[in-house]
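Next up: just one chain, as structure tokens, the form predicted alone.
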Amino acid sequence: MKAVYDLEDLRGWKKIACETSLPIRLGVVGDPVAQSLSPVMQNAALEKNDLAMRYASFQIAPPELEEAFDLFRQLNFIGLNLTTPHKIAGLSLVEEVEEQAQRIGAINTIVFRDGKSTGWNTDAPGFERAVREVFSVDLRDLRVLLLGAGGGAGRAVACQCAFEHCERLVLVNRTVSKAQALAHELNRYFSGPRVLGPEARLEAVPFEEAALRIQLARTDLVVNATTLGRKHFDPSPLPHSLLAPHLMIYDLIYQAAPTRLLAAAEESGARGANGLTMLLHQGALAFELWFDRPAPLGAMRDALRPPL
């Protein structure tokens, strides 16, 4: 089995299928996708449940997504995960979208069943479970500052914060109009007073140091949903000087080495965690959608390195 397949492989899948010991019936689709740990995690789950199939990675560029999707359907795939940059575009490809995913406006899990495709978002509840596991606190009790509110992962995090009626949510994006549009969508979830004092429970602010400095003084949890940190030379999305010991930092990036943001968090005395726990919990939820059985969470957790 190849580490990564592409559109040409899908077009000639009969030949690929003859070369694999077990049929590939599931996969993660992204651009890039080679860094994804979903295959090692989901293949551990398949083996634990004695399911004779495999899960693979598919490098598919945005212009190729529609053709690839049609091929996955024709090849009788059971399901897919979508990662960057396909989570929003995937909405237009499926025939049905689960209600929560529809409200989020992005999907990361697709189920092929009974001749139709259904889109789900397991990122959002996976994030909520990850925060509870890592920091031993419920999302609804936190004041959250979200960096990168414009992409599919950022939307999922923001929407889960809204669905949980968190104490306060600040949306930060390079294109501030995108953060403002999302704030407008989520405004109804923050209509009730919960935070003492006059400050708004929901705000959209520019990605500027002065604005962030003001907000971080009244923030509990910072979430990085930007792509800054995927490459070793990327700067931190937050200057070291803005970090403080009272903060919890959750970086959705889950590479082995700490991102600069998490390294700076440790130096400042803040608690930090990478996105492995979110990967685990969203993946477990996806497995349960595909197979209608409990996910082997222990086996999936053991497959991820470093251990959670």
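Residue numbers here begin at 1 and follow the sequence given. None of the values given here were measured: they were computed from a predicted structure.
Just so it is clear, the following notes concern the form predicted in complex with a small molecule, a form of the same protein that is not shown.
With the partner omitted from this view, the residue of Gly272, Gly275, Gly30, Gly27 that lies near the small molecule in the model of the complex is Gly275 [heavy atom within 4.5 Å]. Only one of the listed residues (Arg218, Arg230, His184, Arg132) places a non-hydrogen atom within 4.5 angstroms of the small molecule in the model of the complex, and that residue is Arg230. The small molecule in the model of the complex is not approached by Leu262, whose heavy atoms all lie more than 4.5 angstroms from it.
The small molecule is not drawn, but in the model of the complex it has a heavy atom within 4.5 Å of Phe207.
Using a 4.5 angstroms threshold between heavy atoms, Ala153 counts as touching the small molecule in the model of the complex. When contacts are judged by a 4.5 Å heavy atom cut-off, Arg174 counts as touching the small molecule in the model of the complex. Note on the interface: of 137-145, 159-167, 67-75, 83-91, the segment with non-hydrogen atoms within 4.5 angstroms of the small molecule in the model of the complex is 83-91.
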